[in-house]
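Okay, here we've got a single chain as structure tokens, the form predicted alone, with questions on binding and movement later.
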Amino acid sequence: MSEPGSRRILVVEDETLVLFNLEDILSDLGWEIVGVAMRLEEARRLAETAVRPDVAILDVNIGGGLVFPAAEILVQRGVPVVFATGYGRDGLPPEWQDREVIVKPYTQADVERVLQPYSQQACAAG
């Protein structure tokens, strides 16, 4: 059980060093990671079963596959998704281009900026 006002996040990232860096960034920003997936099948499973996060950061390309099946599950659960990609918003299919994007390589400031609205919502709900 998370503390009132805690901010929960799900992360999908298949590159170990990028994942470790993102975990450190999220910890520094006060986010509780409720699940991490490095493979598409894990991402789909966590999207369905993880404690409902306040937001999810999803690497678009996971081991040569695309993360959109997991994104669809999360959106159906009412979870906002943020895509991490080196291609920017224009690299997303049209139906996903209205979502937040952090462009790789990103900094802590980039992650903080994109998560700021969700951080405020999570704290208000707690």
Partner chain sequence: MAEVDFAQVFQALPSPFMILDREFRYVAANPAYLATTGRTMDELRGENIFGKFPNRGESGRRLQESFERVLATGEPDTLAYLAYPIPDADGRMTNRYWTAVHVPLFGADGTVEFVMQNTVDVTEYARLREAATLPFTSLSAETSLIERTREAAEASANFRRLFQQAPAFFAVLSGPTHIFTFASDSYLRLVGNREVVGQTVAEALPEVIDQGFIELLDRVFHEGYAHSQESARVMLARTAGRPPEETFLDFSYHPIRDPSGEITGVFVQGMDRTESVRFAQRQRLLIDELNHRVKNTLATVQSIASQSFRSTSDVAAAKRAFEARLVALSQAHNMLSDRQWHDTEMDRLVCQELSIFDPRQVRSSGPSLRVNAKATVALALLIHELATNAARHGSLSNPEGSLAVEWGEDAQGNLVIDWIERGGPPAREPQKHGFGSRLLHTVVTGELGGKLQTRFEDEGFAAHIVLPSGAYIAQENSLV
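Residue numbers count along the first chain shown, from 1. The shown structure was predicted, so the numbers you read here are calculated from the model rather than taken from an experiment.
Only in words, not in the display: the form predicted together with its partner chain, which the text now covers.
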{"property": "Non-hydrogen atom within 4.5 Å of its partner chain in the predicted bound form for each of Phe68, Ala71 and Leu92", "result": "no"}
{"property": "Contacting member of Arg99, Arg77, Arg45, Arg39, with respect to its partner chain in the predicted bound form [4.5 Å, heavy atom]", "result": "Arg39"}
{"property": "Exercise: Gly63 in contact with its partner chain in the predicted bound form, heavy atom 4.5 Å", "result": "yes"}
{"property": "4.5 Å heavy atom contact, Pro105 to its partner chain in the predicted bound form", "result": "yes"}
{"property": "Its partner chain contact in the predicted bound form: Thr16, any heavy atom under 4.5 Å", "result": "yes"}
{"property": "In the predicted bound form, Glu23 touching its partner chain (heavy atom, 4.5 Å)", "result": "yes"}
